[in-house]
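So this first bit is one chain, no partners, the form predicted on its own, shown in structure tokens.
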């Protein structure tokens, strides 16, 4: 889809304002600025993509046994588009899905879904070879029997993983097959670097001549106008500044309800507070990401081990003492579109974590992994948690694929649950602007690739990502590309 920008009814260039510079707002800004649209992005913090922890593309949704196949196929398509939009943000290592004997699930239950996902991936690559961003379609997943897994345990660790078997060897050396149901499943679902995403957006938008970035600025009041909105913003010095825009995009993440309240709109939503933890473990070999399935909210809840360079790992444990939080899922009410989290979690979001909380929860996460991977009990706390809150539109906490909704002719709210949905949301906003007559577009769909990002240098993106990680107090390995 190519676009020409029409004049607004006031006979001036179209001007779109975006509130929030997380992955949603940054991606919308990238898409609009890439099309030559005058874009204003207002962010309360010091930089872009400061949100909940991201570790995984969720390309086929295989972490989520409770969601439907339609959501999994949507996540696959969105993930492929996201890789093309953020070409230097991917950690190219596979994911292994394991079902412990303590879990009531069937290890083969995901196979029909995987066949559908692999078939759709193959179709997308045939449709456009540029969609081949998750490896060869014929190798999208592979099952390992107990006999195959035990045979891998007899092989030495390779210096570098070069094939699917190589990725399983470290696991075969450390996992007791008696604790697992078979098959184990290796899937070409890759890692996603939060900090290289932030670096990609930062470098691209700072260089875009038609994008104005205002950091340390918070919208305090919205004033509707016949042809748009006036955003009244306040910067860190307390200075107020009005911004006139023709179209307003509410991309404030878990705070989206606050902007809805200012705009006078009601919306049902949930907000969930979550955290992931950083550990260091002296181990050998190239590790895949490992998902140990388990029932959410129980002591045997899902455990997730995400590798980074130099023995740094990101950890999730779907128990109330680790990644989930008691009363950490809040709903909106009739009086406000903004769910209200408990005060303790609001304090953590605004002021960060106390060292004692960091130590306690990270130790619990390490112990949770060590139940299944005993050697991981030697891991140490590797840094402060990655934490945040995510919004979920509606009332279904299992929803994963969501994008955008509209109010009238001048307002959109981005409601993504997973980062991979951000580009879909941006494209739906472009479609909306075209419907309103503010863009003239041809009939070809928008390419996921962006001129602002596809020409970036991988080394420069990584350098900026490392700078951002250190600035935000995290190990540089979370930003590095070791694959």
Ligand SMILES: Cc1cc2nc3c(=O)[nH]c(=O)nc-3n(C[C@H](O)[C@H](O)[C@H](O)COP(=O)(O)OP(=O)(O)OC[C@H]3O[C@@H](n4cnc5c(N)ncnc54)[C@H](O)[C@@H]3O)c2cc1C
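This structure is a prediction, so every number in the text was calculated from the model and none was measured. Residue numbers count along the first chain shown, from 1.
There is also a form predicted together with the ligand; it is not shown, and the following applies to it.
Comparing 31 to 39, 423 to 431, 451 to 459, 56 to 64 against the ligand in the model of the complex, the single stretch with non-hydrogen atoms within 4.5 angstroms of it is 56 to 64.
259 is the sole member of 171, 259, 187, 369 with a non-hydrogen atom within 4.5 Å of the ligand in the model of the complex. Residue 255 is the only one of 296, 255, 267, 77 with a heavy atom lying within 4.5 Å of the ligand in the model of the complex. Taking non-hydrogen atoms only, residue 316 approaches the ligand to within 4.5 angstroms in the model of the complex. For residue 251, a non-hydrogen atom is located within 4.5 Å of the ligand in the model of the complex, even though that partner is not displayed. The ligand in the model of the complex is approached by residue 22, whose closest heavy atom lies within 4.5 angstroms of it.
Not displayed here, the ligand is approached by residue 44 to within 4.5 Å at the level of heavy atoms in the model of the complex. Contact residues in stretch 196 to 231 (any heavy atom within 4.5 Å of the ligand, taken in the model of the complex) are 217, 218, 219.
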